[in-house]
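To begin, one chain is listed below as structure tokens, in the form predicted on its own.
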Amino acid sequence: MKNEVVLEVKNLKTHFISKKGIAKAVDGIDFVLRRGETLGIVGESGCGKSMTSLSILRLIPSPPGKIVDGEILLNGKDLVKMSNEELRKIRGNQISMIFQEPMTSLNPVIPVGEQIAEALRLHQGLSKRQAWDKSVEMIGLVGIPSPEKRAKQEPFQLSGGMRQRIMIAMALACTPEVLIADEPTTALDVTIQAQILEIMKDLQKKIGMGIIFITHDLGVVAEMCDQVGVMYAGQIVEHQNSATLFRNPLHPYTQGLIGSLPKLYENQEELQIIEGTVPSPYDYPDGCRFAERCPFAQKMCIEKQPELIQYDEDMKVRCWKYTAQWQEESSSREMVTQ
């Protein structure tokens, strides 16, 4: 069952149209999520991680945003082509999301237990009593003490860690097949973060769901993820399994991200940095989008955009360095210098 594909995203493109022009927030994303697997999507702020997750759920504000191309196949059914009525039956039921900031995602004037129970009544057809009992059970399941008492409280009466656990309980109440976790541990202290990650892993084992874990924290990726997609400027620039990525990063951007991490057993006076800034989504260059910041960039990198190529089994990279054209050009340069 674990190898069964539950979600497949093909050539997903999400653009925003404004007076400044067209912002290509997500520009040709491809990935596969299998049942029981965790896929990490990493990259710096503004690279398109959250827009990818909102696109999958069809929650892009329109206007100005629009999915202009691609397929989002949940168990073979394309979410892009579904009506809003069909999507309402799927969101929160077959596919759920934990949003970045629980205080803005929860209704501030409704008890948290009632908010979870509402989803259960809508999607599972439970009675009011049954939904409430299941809601209390879910609150206890995510490690909140005195769940009966907490279920009757409103969000402002709970700590940040508890509110995030409520969001997890709400997302998992209907035992979804796919869970999208968008920076679920942001702004939480490390103790609470570790507890929440452990809760997610335990619940994944119990119900076998696939998880898309969106983060900029590579430490969390190493802990949580089976596969990793590295995003830069609206595109996936590298895709590997987690263990191999940290041992052998291929793309210069991935190498820079991993190189910027402090090393526990090394005496480092300064951390490595990636010079420069991300290009504007309104004005991406014709060539590689990382070329201006890349220490290996050549003329071909600036002139033409590389494709995401299969470098090895379970290893994909969007970089000219790993192509025959690069090898030919490198050989020509060596002959000239000789």
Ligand SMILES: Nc1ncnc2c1ncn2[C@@H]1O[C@H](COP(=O)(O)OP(=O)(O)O)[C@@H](O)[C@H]1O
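What you see is a predicted model, and the numbers here were worked out from it, not measured in a lab. The numbering used is simple: start at 1 and walk along the sequence shown.
This next part talks about the form predicted in complex with this ligand, which is not shown.
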Practice task
State yes or no: in the predicted bound form, is some non-hydrogen atom of residue 47 no more than 4.5 angstroms from a non-hydrogen atom of this ligand?
Solution key: yes
Problem - 4.5 angstroms heavy atom contact with this ligand in the predicted bound form for residue 16 - result: yes
Practice task
Evaluate residue 23 for contact with this ligand in the predicted bound form, applying a 4.5 angstroms cut-off between non-hydrogen atoms, and reply yes or no.
Solution key: yes
Handout entry: residue 70, heavy atom within 4.5 angstroms of this ligand in the predicted bound form
Key = no
Handout entry: Within 4.5 Å of this ligand in the predicted bound form, all of 237, 287 and 296 (non-hydrogen atom)
Key = no
Problem - Per-stretch contact check against this ligand in the predicted bound form, the hit in 288 to 296, 306 to 314, 28 to 36, 48 to 56 (non-hydrogen atom, 4.5 angstroms) - result: 48 to 56
Exercise for the section: Counting only non-hydrogen atoms and a 4.5 Å cut-off, give the residues of 52 to 74 close to this ligand in the predicted bound form. Expected result: 64
